[in-house]
Each structure stands twice: as C-alpha cells, then as structure tokens.
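Consider the single chain below, provided in structure tokens and representing the form predicted on its own.
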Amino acid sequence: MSDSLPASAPAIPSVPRLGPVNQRRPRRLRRIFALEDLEPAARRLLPRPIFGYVAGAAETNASLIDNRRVFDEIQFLPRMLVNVSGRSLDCEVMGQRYALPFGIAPMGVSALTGYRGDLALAASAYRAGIPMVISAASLIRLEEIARVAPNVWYQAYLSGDREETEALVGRVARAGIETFVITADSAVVPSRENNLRNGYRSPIRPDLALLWNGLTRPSWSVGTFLRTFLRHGTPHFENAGPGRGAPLLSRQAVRDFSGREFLDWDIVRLVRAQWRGRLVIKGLLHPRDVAIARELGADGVILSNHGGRQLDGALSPMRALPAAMGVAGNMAVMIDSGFRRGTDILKAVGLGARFVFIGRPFNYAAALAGEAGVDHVIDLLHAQLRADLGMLGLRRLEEMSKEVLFLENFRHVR
C-alpha cells in the first residue's frame, strides 16, 4: 500500500515575520522578556490541574532538572573583530529550508490550554518559516491544521497494529503533510504522580473540583473552556488514529493512548515502506538506537527524553548528542527537551544538531495570547539568536562548531 504526496503545496515563507518585540503587544505579554517569564504568567492564568499537567514531569523531576542544568556545563569561546553585519539564521533540514533553527514541538491538548491552540501555533510558525509538529493527542483535526500551515509535521503514537498504522499513514499523506514523526519513548505509560498531586485526571471529570478551578481562573474558563464547547462542541482526540478518537471527557480516551507496549522496530519498517515523505524517529537517546534508525532509512531523529515526562532519570538529550553524531552519518540529528534561550540552541548546533524543538513555552504563549503570544516568543528567540551569533563572531549558523565551545566541564556519552 502506498500513498503519493501532492505534486505541489503552498510555498513556505523563506523570511520570518519579525518585528520589534515591544510593538503593540497584548497586555499579558508586556512583561514577557524571555521564555522563562512565560511559566509564572501561565500559572496565574490556567487552573492548577491544567497548568500542572503541562509544567510537570515524571516522579522526582530529575530529568526535567538536568535538561536545564546541562547547558551550564558548556561555555562559549567567542571570536572578535569579525564583520558580522550580514548575519543569517536560516538552515536546511532534510532538504527543506527554514528561516530559523528551531520549531514547535508536538504537544497534546494544546487546544485545552489555549483557545484553538494548535491552530495558533501552526499559523504563527508558518508565517515565521519554521515547522510546527502536530501531536497525535491534539484536539483539532490534522487536516484543518495542515490547511492553515502546509509546512506542519505530524507526530504519531503507534500501537503496533499494522492495519491501523497503514490507515493512519494514508490519512496523513492525503492531508499533504510531508514529514511523519514516530514517537518511540511513550509505549509505556509512566508514573505521573505529579498529575495526581495537582488534581489532573484523564479523562477530565466535570465535578466540584473542576468547577472550583474554573471559578478561580475565570479568564481561562470563559475565553478557552466555555468558548470551545459553545462554538465547537465537546473536543475529541482527533489525530491518534485513522479516524476520530474519543471525546476529551470519555474514559475511552485513556484506552486510546495506552496498550502500546507492542511497538517495535518492525512498525518503523512498515511505515518506511509505505511513507514516501520524510520519516523522523523521536525519543531516542542511546547511540545504538540512532544507528538502527539510520539503517532502517529514517531521514532524521529527534533526541528527546520527552521533556522529562517519561522515564525519570533518563539522560538529557544534550548529553546524548555527541555519541549520536558519531553514528548518525548523513541522517539529520535534531533535539528537544529543556531549550529556553538562543544560547541553548547555539550550543546544540555547535555539537552537531541540525535543528531544535521547543515545547512548553510555546504552549504557555498560545494560552496567554493566541497567535500574538506565539509570534512574540518566536521574535524573542530570533532576537537572542541574532545577537548571540554576532557576539560569537559568526555570520552563519554553518560556522557554529565546537571551535567556539568550551567543553571541559561537559559530561556526556562518548
């Protein structure tokens, strides 16, 4: 079985939509000067269980903490007296040109934290010339998102069922999406004790606790929750399989995202045989797995520990990056988990990463101010990257290498 991609699609913007970060910003964004400012602002906006679901990680938060700590172990060795007036931040990933070296990671239920959140993320990313990855756990149909942003990628949670997988691959191809991402690190449901402490339950239960959380966060309750239900009805998980998934409030939703322990490399072989676009495997850390992905014909991998949300104590992807580069060959090595600044992105690029994905801050931005919030975060990162590249004495991303990194204190897999 094979599905052809469309012969042509709308062109992806080659120059990002960027402007002064202080120009006519919504009130909620006026004190957002860096990505770290988004989390406390989102905490004030979102009900405690919803915020806790997005911000939280697994068990002791060991991986979540190290995802940030690792960047402190890498310093810069900048060059001086270089004419950097013509700096460029565009890059090529798997044959596709992007205006900036980062994209928006897949995030489930983004339309629960912000009104029609997936559409806000996708539209803003498309204007900026960067990719947004649709989550299998999203609440808006992938076809609708792809119409807004023809450069979107799709991320799948596959069960190991061959017939279901073939049908899903066909659906994604018919939507005109050209990059299919298989998430490899979510076959087993992790311990989410932090969700229990915060009061988050799946499925969401319309009880007194939910009512109280709504009353204490009226802006979210009216602007996102009620607005969604009144205009679009009960949200469903739209993209987990070849057809419409379970309602957000249904117990079936739990079953739809569990029972994936049978997922193995045979499913990757099946998808590779059917999928004619770019294939990416997300959630790898071990260099042997990176090597297998290359051998099976993947176009790229995303090193990831799921933002610390799966196996507590799993290695930071930055620590896994040098060893992955040693076995990746010509395959694109990308990375996520813990990135918050332009300097973080440049450190990953210097170690060989082709591209970086960022999740939670974009979720918060869409919740705070929709597309304007996402635009603002892209602008902030663009401004940081442009300044940082110049201060390093570099004119193009291709010049970013280990030569301008001090790695004596960097602990990583060799």
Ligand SMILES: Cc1cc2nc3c(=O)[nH]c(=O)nc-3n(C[C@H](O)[C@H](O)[C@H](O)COP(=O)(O)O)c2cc1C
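For clarity, every value in this text was computed on a predicted model and none was experimentally measured. Position 1 is the first residue in the sequence shown; the rest follow in order.
Omitted from view is the form predicted in complex with the named molecule, to which the following refers.
At a distance of at most 4.5 angstroms from the named molecule in the model of the complex, none of the three residues G117, A123 and E371 contributes a non-hydrogen atom. Segments offered: 172-180, 265-273, 135-143, 287-295. Contacting the named molecule in the model of the complex at heavy atom distances within 4.5 Å is 135-143. The single contact residue among Y157, F225, W153, F71, judged by any heavy atom lying within 4.5 Å of the named molecule in the model of the complex, is Y157.
Of the residues given (G129, G241, G342, G338), G338 alone sits with a heavy atom within 4.5 Å of the named molecule in the model of the complex. In the model of the complex, at least one heavy atom of A105 sits within 4.5 Å of the named molecule. Taking the partner from elsewhere, V54 is found to have a heavy atom lying within 4.5 Å of the named molecule in the model of the complex.
Within 4.5 Å of some heavy atom of the named molecule in the model of the complex lies at least one heavy atom of G359. At a distance threshold of 4.5 angstroms between non-hydrogen atoms, R217 is out of contact with the named molecule in the model of the complex. Scanning 307-336 for heavy atoms within 4.5 Å of the named molecule in the model of the complex gives G307, R309, D336 in sequence order.
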